[in-house]
Structures are given as C-alpha cells and as structure tokens.
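Single chain ahead, written as structure tokens, the form predicted on its own.
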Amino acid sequence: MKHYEVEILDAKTREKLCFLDKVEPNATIAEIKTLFTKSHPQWYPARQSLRLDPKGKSLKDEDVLQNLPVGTTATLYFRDLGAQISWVTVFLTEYAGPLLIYLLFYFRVPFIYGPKYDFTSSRHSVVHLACICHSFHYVKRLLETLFVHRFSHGTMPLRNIFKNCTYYWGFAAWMAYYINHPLYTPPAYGEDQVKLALIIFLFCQLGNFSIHIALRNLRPAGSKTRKIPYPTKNPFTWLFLLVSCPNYTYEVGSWIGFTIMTQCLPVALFSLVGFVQMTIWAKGKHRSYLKEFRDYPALRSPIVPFLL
C-alpha cells in the first residue's frame, strides 16, 4: 500500500507548519487535523481549516485523502478559525438570556420602573399571557437544544456568541420593558384579538416543534448525512410540500402571533428582523438542497410558499 506525504502550509504566509510522513491513503481530513494538532496543540481540530488552495473552500472532515486531486505528496493550506465554542453552549446561552431577562421586567424588579412599581403586577391579563407565551417559547428552545437538535457542525467561532446574545438579549429587554410597563395599553380589539393571536402562536409553535422532530429523524445520531426532507403523517410537516425550511416559516408565524397579541412595536421590529435573517438562511439552505439533490422538488420555495 502506498502512503502519502502531507505538507501543511500557512495559507497567508506560505510558511511550512507541519510535514506528515506515511499517511494512510484512506485517512480523512479529520484524522489529518488530529495529526497536525500533535505538533501544534494550540490549534485543536475544531479551529482548523484545511484547504487545497490558499483562497479555496475548506475541506470537509469526512473527505478522504486519496479521493482528493493531489499526488502522493499533498500540500494543504491552513487557516486558523479562531477560538471555538460548541453550538449547544451558544444556543443555551442565547435562549436562557431572553427567558430570564423578560421575567425580570415581568416581576418589575427594582430600578426598572421606579420604587412605586417594584414587584407590582399588571392589571391586564394579556400581560400575563404574553409572559407565559414568551417563557414557553424559550423553554421549548432550550429543551430542543438539549434533546432534539442534531448539529452538522460541532462548534462555531467564539466571537459569534457576543453578537448573537446582543441580538436576542437586547430585543428581549426592549420588548419586555414596554409589554410589562405600568402604562402599557392592551390591544385595540380586546379579547378577540388576543384569542386569535394565541391560536396563531400555539399553532406555529406546534408546527415548529414538529418540523424539528422530522429533521432530527432524518439524520442518525453522530451522522452528517443529508437527505431531502419530506412530509410525514404529522399534518404540520405537510408544509414541506411548499417550502424548504418550514421551521423558519412557523417561527416567523409564532412571532407574528405574539406581535398581534401584544400590539407592541418592539415585538413587530423583532419579528421583521427575524424574518429577514431567516429568509437569508432559508435561501442558503434552499440553494444547497438544489445543488446537492438533482431530484429536489421544484415546487418548493425557501420560506414563503410561492413567493420567497
């Protein structure tokens, strides 16, 4: 069996960082990263990006050396991705923050609305319902992170957690301040508006959860296998007939319901910003599906049926 020699250069300076001798031809990029770490412990595998060209795309961990367009002496280029943090940790931090922050405003802890209102309670039932719905949403997200989601990538750059938390925590505080404010005004159309909003919210929360379960069942534990998601016997998954990312569709629907329920401008802005961001993600995933699967259903749109 012939063996490979692998030379790893810095993608920016072209400095030789490592030379690996007698590498098995069926070695994966993940195994090469582990070997590289032995000589450079500061660059653990998760923060390594190895590529065939200094400005090219990163090779996948599952790529096999002998299947790459290289000779028996392979040259790979290294880029440091920076300090990494697990997706689970990021999600738990992102979602625990809004849950706790909102409750601080709901219970009107001191130094928020003034001594006169410390630990007082709103007289409007919609305020209490909004707190229940908001808390339910983020408890659901936390539980899904722990028990449902299967991540294709184990880590993300540490710097992202500060950006993500600023977004989630900041909007949570802004929404909670106005919804729980002593001068808050209930929705214009009263109980009928609140009931309609609650139905929309709960329907979309169930739909979002159903899609997450369907996506989990699509990928075996410990696998990075990608398959085309199709509707199951669960009616909430039938939205897969029309969109590639119904989990985002339901998520946006939940926040639209919450906006109608609270009739609060910061909630509407959070919903709008979230819709824009999820549309970007959905379009990216939709393009990936079309590129990867030739038989991908042509009827599907990224996030909004027939439109977007």
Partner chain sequence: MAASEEDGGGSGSPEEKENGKKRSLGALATAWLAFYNIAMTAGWLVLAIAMARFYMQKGTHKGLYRSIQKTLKFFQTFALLEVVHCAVGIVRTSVLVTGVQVSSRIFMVWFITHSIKQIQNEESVILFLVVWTVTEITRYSFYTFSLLNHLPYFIKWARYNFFIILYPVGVAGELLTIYAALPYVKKTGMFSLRLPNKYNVSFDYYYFLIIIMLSYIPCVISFSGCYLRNQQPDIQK
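Numbering follows the first chain given and starts at 1. Quick caveat, the model's predicted, so the values are computed rather than measured.
There is another form of this protein, the form predicted together with its partner chain, and it is not shown here; the text below is about that form.
J.: Taking 4.5 angstroms as the heavy atom distance cut-off, pick the stretch from 262 to 270, 249 to 257, 35 to 43, 22 to 30 that is near its partner chain in the predicted complex.
T.: Going through the listed ranges, the match is 262 to 270.
J.: Using a 4.5 Å heavy atom cut-off, state whether T166 contacts its partner chain in the predicted complex.
T.: Residue-level check for T166: no, no contact with its partner chain.
J.: When the contact criterion is heavy atoms within 4.5 Å, does Y184 count as touching its partner chain in the predicted complex?
T.: Yes.
J.: Mark Y178 yes when one of its heavy atoms lies within 4.5 Å of a heavy atom of its partner chain in the predicted complex, and no otherwise.
T.: Yes, Y178 sits close enough to its partner chain in the predicted complex that at least one of its heavy atoms falls within 4.5 Å.
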